[in-house]
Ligand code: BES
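Before any questions on binding or motion, here is one chain by itself as structure tokens, the form predicted alone.
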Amino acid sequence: MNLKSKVLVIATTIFMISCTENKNSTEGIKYVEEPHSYAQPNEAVITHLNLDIDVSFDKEIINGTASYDITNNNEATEIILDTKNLVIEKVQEDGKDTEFSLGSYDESLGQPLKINITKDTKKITVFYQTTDKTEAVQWLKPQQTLDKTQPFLFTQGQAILTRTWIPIQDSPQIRITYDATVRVPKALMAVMSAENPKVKSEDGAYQFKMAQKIPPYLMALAVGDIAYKAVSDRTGIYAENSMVDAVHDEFSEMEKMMVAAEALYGKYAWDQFDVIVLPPSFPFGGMENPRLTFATPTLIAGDKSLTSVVAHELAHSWSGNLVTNATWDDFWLNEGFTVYFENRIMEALYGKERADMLGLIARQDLDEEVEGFKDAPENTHLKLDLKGRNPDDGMTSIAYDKGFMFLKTLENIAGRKNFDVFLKNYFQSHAFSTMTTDKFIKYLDQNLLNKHNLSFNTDEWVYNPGVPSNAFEIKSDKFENVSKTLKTIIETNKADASVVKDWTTQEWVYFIRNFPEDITPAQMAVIDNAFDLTNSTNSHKAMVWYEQAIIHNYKGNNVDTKIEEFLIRVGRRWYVSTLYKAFADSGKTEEGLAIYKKARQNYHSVTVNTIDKLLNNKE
């Protein structure tokens, strides 16, 4: 190695060490006002968690200790954690019992846990246990799993549910590292959003480490009879034993997605990217927990047609996990960027036509959402004001799809080359930090718009309702052909299966969602008899078809039974809320409620809260 090379290596090493230290430092951070957390991090803030817990399936509780390294920023005499429906047994300060108190209870926020400290306090330890009201955790009986032999548990922390299973400063702007010791029954494996085991331990005890700072909503735990199978040396899958091979086949292109993502916006920062497929009650398509994405089994279609969700969760490794919304009012900074990034990954792997189809479906979702908020247009702003509301209220298509259209329009105006340089620099310069909308707009002005002398209606996009008129128009020749096929079927009352034999899931979804408003049950029967949509094993196709069946009173091929079976089996909130909403909007609320009373016990609290509200259910 020559002298020049040695100097370069030394300089690079120093830079990497500096980056590692900076990404985990809280020095000099000024936290913004956070309406969804009781924490006062500018006074005293947690920096590292050591979690030591036992998981009891017999009692359905998690109990143990949460110990925090803390920084006292202002000679504070107390530190405040967020809790909800936890039993706080005692608290220690630097190893000695200390006084604490729980404040008044709020239905959404829970209670503040106020702990006495001194200016010299370095560590606090909370002894606690969960209760039967813990919303983040779902305990599943063996019969609620695929293999039906062992129980299962998983947590879901986003947006503010981590406080229901760990006492913590539950704000996205507070980033921590963590270690954990988790003890579970010997027949089961535990995995977390951290460094994970690949095989079961002999004694049921597992050790975890998350070396990079993450926000509390990304704390995640799953426990079940699961197995691991690698896809590449840095990607792999966990699943129940009987579906490991199917999941592995479905997600076999994870490494290709990683390579495509890194080529766009820089090196993956989390070392490992694994996916665990959970039981059907998991409420989301996927959840981007660092190192271990949680995913719904509804993605397993057998043809890789729904793997854009995996691309989406991978993209979150940059937009969301690496650069995080500072508050839930800024949620679009996570999701809008991620939908855009997902679209670029899909284009890199499968071509522009597939990406355009996904983009057009997103635009259709956005238009429907805007119409749905016509009586509350403020909900269609990108930057929200959720003070006094549950942050889940902001998790709509607006954040995802209006955010995506905002960035897609910016790309069109700036040019893809300039926009990619801008985004890559944005992720790298703000890595392991949080972002507010105002701060992002300033960065956008300085590093893209002013730099290239561009004019853009940023404030209209961010602070005004609806979709601005300059939104980029996405076109698809394939979707035009789908529209022609649908028109011919309606006009001739005939359907030819050979015409659709090579259709992608996206084409089917577009076909079904664009049925004319006056389509008759007889016309739907022609379509169903030709394409057997009622019995589709593709969950997305089935969901949109069932929605149309409910709306248009189609009763053929025993579809009512299939809809009920789907709603009882599947807990993915987007899918089930779409169908229950169709019941409600069609004047069939009682019919929907009858099914919901059977299905409700199978849903996670995230889904239950949404459907209770939608159907005005009083349970």
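One-based numbering along the sequence shown. Just so we're clear, the structure is a prediction, and the values are computed from it rather than from any experiment.
Separately, the form predicted in complex with the ligand exists; it is not shown, and the next lines address it.
Here the chain stands alone, but in the model of the complex its contact with the ligand, taken as any heavy atom within 4.5 Å, falls in 306 to 314 among 526 to 534, 271 to 279, 238 to 246, 306 to 314. The listed set Gly286, Pro112, Gly336, Gly466 contains one residue whose heavy atoms approach the ligand in the model of the complex to within 4.5 Å, identified as Gly286.
Residue-level contacts in the model of the complex: of Tyr400, Phe341, Phe152, Tyr178, one residue has a heavy atom within 4.5 Å of the ligand, and it is Tyr400. With respect to the ligand in the model of the complex, the three residues Gln158, Met395 and Arg572 uniformly fall within 4.5 angstroms at the level of their nearest heavy atom. Contact between Phe331 and the ligand in the model of the complex is found at the 4.5 Å heavy atom cutoff.
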